[in-house]
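Encoded as structure tokens, the following chain is the form predicted alone, with no partner shown.
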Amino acid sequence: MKFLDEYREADSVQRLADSIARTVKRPWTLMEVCGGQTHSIVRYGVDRLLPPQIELVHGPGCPVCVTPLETIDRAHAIASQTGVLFCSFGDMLRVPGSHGDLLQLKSAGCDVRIVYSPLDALQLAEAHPERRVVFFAVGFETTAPANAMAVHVARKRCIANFSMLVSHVRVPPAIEAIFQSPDNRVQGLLGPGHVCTVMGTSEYEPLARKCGVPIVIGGFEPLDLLEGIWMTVRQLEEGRAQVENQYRRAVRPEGNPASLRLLQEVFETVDRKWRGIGTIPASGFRLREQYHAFDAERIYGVGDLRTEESTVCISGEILRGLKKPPQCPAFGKECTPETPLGATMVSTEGACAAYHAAGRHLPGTPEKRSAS
């Protein structure tokens, strides 16, 4: 595929893997913090090309995975109400709540629809003024500008039957929480390329200094990932903790100014609960006061729901980089893409789903393999 093949070229991949092997002298644990990177690592076997001194663990890089159970249940409570047309991206429909998922609600007669953009949901609200249309706004900073635009347009056009259940989270506070945890074992970070196309790199510089951890903003193809790993290992071996930008073809230090202005107008920062991690200060977005008329959580009075997580699923430990999917006793057994126990298996960006798709639930699957 044009503009992609050169980032998957086998000889170049091998040369970078060899460079990493020559550079590393000590054992290091690195974390990627983007679900797209996780899937590329597992799909292409990038982790198996690395020398044994380097371990890759998978962070909270999947927005579906970190959406707390309470928020899923709020979505279900709203979608179940008479007259509501509930819109969501497809990857949220099979995420289990306390009592089933949105797909089951749809099969039971609730009007739950898959959309490809929040503006699609807004168009439905305009087309059906007699209905109450709610969009489930989940994601990191990457998807927040489009959701902010939908609310901005709704307010401008006075579309009163449109609202949004907001569950946006911010990456830097979560990274800081992981680094400062007493059980943290991550020593270097592959930063989220797509998030940084919006936000830029400035938020990560004080984080690298404060936590003493190198952060390399990386892309998603095999060469991107291997170069990002090499840059991170080189910093670790040299005793540096800086922000470097491997994904220069897409990420600018200043980010996207127009998107940042829109985020500032529509959203304000708030403490947010992360599934498997807990509440992280200043780690989320919510609608500002002037947009409260479009806040579904306020409109439908679902803010006080309390839930309990599954005692079997270890997705929280996986999201914090403490364990990997094969270490879960339910992985590939009770928990499969057809019968998921947690969001890390059902989401297209979840680590468990990535491992399962690559066959790493099968007996005898090695953790490392040679480049040949």
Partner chain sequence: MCLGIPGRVIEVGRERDLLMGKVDFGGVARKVCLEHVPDAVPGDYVIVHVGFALSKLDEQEARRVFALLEEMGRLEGGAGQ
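Positions refer to the first chain, counted from 1. In this text, all values refer to a predicted model and were calculated from it rather than measured experimentally.
The same protein also has a form predicted in complex with its partner chain, omitted here; what follows describes it.
Although the partner is absent here, V243 is not a contact residue: none of its heavy atoms lies within 4.5 angstroms of its partner chain in the model of the complex. Contact check for I175: every heavy atom lies farther than 4.5 Å from its partner chain in the model of the complex. Although the partner is absent here, N256 is a contact residue: one of its heavy atoms lies within 4.5 angstroms of its partner chain in the model of the complex. In the model of the complex, at least one heavy atom of H194 sits within 4.5 Å of its partner chain.
Proximity to its partner chain in the model of the complex, defined as a heavy atom within 4.5 Å, singles out one entry of Q235, Q187, T142, T201, which is T142. Though its partner chain is absent from this view, in the model of the complex it lies within 4.5 Å of a heavy atom of just one residue from I280, A125, A79, M149, which is M149. Only one listed stretch (201 to 209, 290 to 298, 219 to 227, 69 to 77) carries heavy atoms within 4.5 Å of its partner chain in the model of the complex, and that stretch is 219 to 227. Residues from 104 to 141 that approach its partner chain in the model of the complex with a non-hydrogen atom closer than or equal to 4.5 Å are Y116, S117, P118, L119, E126, V138, G139, F140, in the order they occur in the chain.
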